[in-house]
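Let us start with two forms of the same protein chain, each given on its own as structure tokens and named structure 1 and structure 2.
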Structure 1
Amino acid sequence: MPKHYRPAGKKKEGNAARYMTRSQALKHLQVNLNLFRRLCIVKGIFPREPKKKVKGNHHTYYHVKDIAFLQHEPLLEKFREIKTYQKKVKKAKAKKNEELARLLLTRQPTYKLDRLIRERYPTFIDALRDLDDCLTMVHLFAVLPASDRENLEVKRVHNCRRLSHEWQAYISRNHALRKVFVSVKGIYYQAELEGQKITWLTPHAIQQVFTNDVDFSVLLTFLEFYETLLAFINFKLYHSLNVKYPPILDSRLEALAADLYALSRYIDASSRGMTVEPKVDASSSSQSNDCEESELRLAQLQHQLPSSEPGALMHIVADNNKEVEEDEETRVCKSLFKDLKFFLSREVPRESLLFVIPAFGGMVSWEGEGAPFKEDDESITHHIIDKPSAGHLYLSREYVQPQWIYDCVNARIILPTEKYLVGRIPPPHLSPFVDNESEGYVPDYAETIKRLQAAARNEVLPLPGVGKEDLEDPQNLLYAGVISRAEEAEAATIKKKMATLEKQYHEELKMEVKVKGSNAVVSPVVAEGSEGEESVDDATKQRIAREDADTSTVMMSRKKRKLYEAMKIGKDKKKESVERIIRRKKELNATQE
């Protein structure tokens, strides 16, 4: 066929030549709609919106090159093969030849998505960058009920569960978790891995339902791809820890639905096993490559670990984290809950807390079998409880609500527990994803936390004049909470010192303000003298600044200028919304009083 040949009716250029509708694409590829959808999802090809919709607004358009890309996909052939094979099975069944049908079903052709993952994500970073959706989906399907109607098998739900736990175990072992936000929709987590911020959403511990406005077959296709992707990512991550990937778990813990704990123990065991295993081999003297036997040995190894030590993660931290270079933040995260022991009551969200607490270096146990330590352990420092009142109280520990953990994590300090005690309504749970400075509006509790953070820093490096409130302020009671009880007496003296220093600072501030005020008053009236000079300077400066802005807008390219103007409009909007919030708050306060 000559190069210039163009079939009759085919357009040469423009949108008509560059885009084709979905039905045209189906015809071109000779596949049915279902298969086409699957291919598109797996291959990462999505519809586009051409500038000019040649066939009308009610069609879906694909780029011609996208379709050509699909056409050369080897998976397409594979899918066709599977289809023909299904026909064979169907035929055998129709002929009542059950034997043949069964035989055929055992030998079904399968396909793999490894190559596609490599193609779509050429580097590991690329894959991490696109992990948000994947993680959310896998976490969601881990809690969905298996259903015949939706074609969701138990096996897949379990796989999702396993993958999500593996991911969480890695994140928590590497202390990569940064932010947690409990919303109505679910719990948002943000982790930082290789410089990439990965955000995902996990559902609350309640039954998820199937709704009618969701096409589950599409979601399942996405899930299929995401399962493969996450498995490869987990593989890579676990191998970076020198841990065998498909982890073999303690079946006892697995049965008790404590997969996450089992996983952390597994990681611990196998990273220790690097040194321990040769000894075991020598003693047993029977070297067997049998898979089952090694599995058994691993399980035994895990049992050899002292079960009273729940902080399997802590061990690794102590043992072999030296070679891993850490940044500042990881160090902070690692040591947040250091030396603290937590116990979870029955009614708190266990899965989430079991993930979060070890991620910040704490030791945790729960009510139930297989737990690392019991409730009556004397060394427990915090008991997480979500009931109006606790039954039996131990004096050695503090009873707090689960929100305390999340707030501590977001603030990166141990917050005082007074406000979170049992039976009280805790302070509002603030979103860590909102940048208060850029938003322009800071909630009261955020300010309190900020002050506490500053105070915590002061403990190490005492600097006067951070707090600006009087000591009689009720919020200052929280200062005391930051400092442990034993040091309270010391704290009192420190407080006194701080108070004097603060007063000094305040006076200085007042002086400054006075001076500035006089400046502001005097300058417009008097145009001479030192202050007058200053004001003139200010005016010229302002003018220069304005001119600068003008010239810069002139100098900017058209695109940049537009962007700049768009930014300005956005800023104005934000300011407006902040003002609205403040106004509303005032009104609220007014109505309450």
Structure 2
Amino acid sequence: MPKHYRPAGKKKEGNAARYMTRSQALKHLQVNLNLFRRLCIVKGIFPREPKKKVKGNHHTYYHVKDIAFLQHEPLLEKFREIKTYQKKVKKAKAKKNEELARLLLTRQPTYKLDRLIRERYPTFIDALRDLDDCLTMVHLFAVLPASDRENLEVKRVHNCRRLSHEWQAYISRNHALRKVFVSVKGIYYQAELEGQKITWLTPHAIQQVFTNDVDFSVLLTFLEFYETLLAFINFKLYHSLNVKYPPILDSRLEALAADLYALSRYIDASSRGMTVEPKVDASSSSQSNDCEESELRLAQLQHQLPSSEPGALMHIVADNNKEVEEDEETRVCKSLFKDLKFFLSREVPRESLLFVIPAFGGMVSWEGEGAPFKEDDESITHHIIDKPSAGHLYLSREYVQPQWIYDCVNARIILPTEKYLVGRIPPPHLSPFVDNESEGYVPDYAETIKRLQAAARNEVLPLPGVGKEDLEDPQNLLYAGVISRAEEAEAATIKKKMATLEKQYHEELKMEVKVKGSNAVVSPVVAEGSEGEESVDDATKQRIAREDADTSTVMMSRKKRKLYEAMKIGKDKKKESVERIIRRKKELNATQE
């Protein structure tokens, strides 16, 4: 009998028992492919990669436990019920019974994903960790046009826009924004909540076009889940500020497309305890009660907000009753644009700047109705403009390009405005998500920003071409004019004392080695010799280092050796890219000269 012979009906073992293909899963659940995809998306089930693919490499595999998890999902029965009900509606329309079809559509069964949110994210931190794709998807659909061909309704677009503005208003209110980068794809933001860094991408405010190579049915399923998730998170965040959710906004500002400003006003008023719950007459109907309650609360909100202080409306001040201590970075972000007032022209990205400037403590207004203050306000310090203006220029303010705001935010200091004046080519917009030191190339403007940051912190950095070790010599600092002669003498005394202590410590170590009679290997002191001897020594050192590297590579396993070679290839590619950038920089400087 063969070793691996299994009689008919014998229970399967190994990967054949633990995994099944997608076609087997569809047959097991008795659903079609579209319904199976929807279930996997909302339940968070993804394909697996078994070590041995029993059915072949061209199949998609799922774990048996995941399929059993789907089989007992109550949402599966709800989807089947909806599919059966849609057949009734289709049958009524086929019989030309429009009245019955409308009646059936009003009674169509619905479902909610609230239970799945609580199931997949037991804690609030778990939900924040999985928020990057959610925010990117919601912000994308907030700028897309409604389309019947893609089943994208106007109500869904408005809901995405509302959720995105609620999220941005909270981030701006709590000064949780950390990084901003404007790229070709859109604007990248990074915020920090509960110790979690959340990064998302917002498209530019231009007309978006649908493409044929994207399956919008799958995206809409993801969006359905993400809308529920973001609503849960916004509810939790707003209640942490003692603000009622969902917020009731000023209808006039909503009509003027100033939703973010309206949300900022609502949060500021609610956190100060200005809103009062209206009394409702019990004898009136429920529909009239809701309308009267909304109108009354809007009237109270509009009346109680200080209309004489437009700066206080947009500048989201800290709540005096807030007991949570702010960290150092939050305090820096909160006071970056303190006591600065900005005015936005029509051509600049208004929504992005309305989000970024208040998040760092600034006051902002724009051109149009509903603005907190007008253009002729004498207290405006900066006018954000992207093209030369033919109108009246005020000498009391500075006219800068929008990039100045983003660069100041990433540098955490107020940068000089000379390079950002209107009509000039601004300096390169550096990404805050790239670590220049690890990449091996530091741009010139990054060095300039680094020196400005050091000057703001009253630190001393070495000049170009001078190492940090030169700063340890007080004589150099005296010549550079950084310290006075008395400070130089004191620093020299301290340095001499430290050198004496270090020499004494080394002598004690040598005496201890002699006493113990240890076999410590003392590195030979190479005297100054001829150039030939130095070259021989260098060649010997290189050969020994190469032999050591080869020996360590031979002792590795195949998997680790392949990983090590891949790491070396990556380092070589990074080095080549850095050399290419330096070469192009030299060529550009040569052509400019």
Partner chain sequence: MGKAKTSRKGKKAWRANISTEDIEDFYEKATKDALSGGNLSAAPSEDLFHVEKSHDLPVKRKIEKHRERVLRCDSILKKNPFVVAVSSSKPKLKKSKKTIVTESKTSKQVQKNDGDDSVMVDLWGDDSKGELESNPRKVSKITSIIPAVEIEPPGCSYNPTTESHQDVLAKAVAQEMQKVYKTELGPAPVPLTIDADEINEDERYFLDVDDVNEDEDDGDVENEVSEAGNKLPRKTKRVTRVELNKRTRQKALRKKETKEKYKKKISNEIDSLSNIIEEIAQEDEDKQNKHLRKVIAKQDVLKIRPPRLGKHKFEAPPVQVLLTEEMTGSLRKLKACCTLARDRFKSLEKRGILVPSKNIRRN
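Here, residue number means position along structure 1's sequence, counting from 1. C-alpha atoms forming the largest set that superposes within 1.5 Å between two forms make up the rigid core. Just so you know, these numbers come straight off a predicted model, no measurement behind them.
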Given the two isolated forms of this chain, which one is the form predicted together with its partner chain? 1
Taking the rigid core as the frame, does Arg561 move its C-alpha by 2 Å or more between the two structures? yes
Cα of Lys575: shift between the two structures in Å, core-fitted? 4.4
Once both forms are fitted on the core, what is the Cα shift for Lys585 between the two structures in Å? 3.1
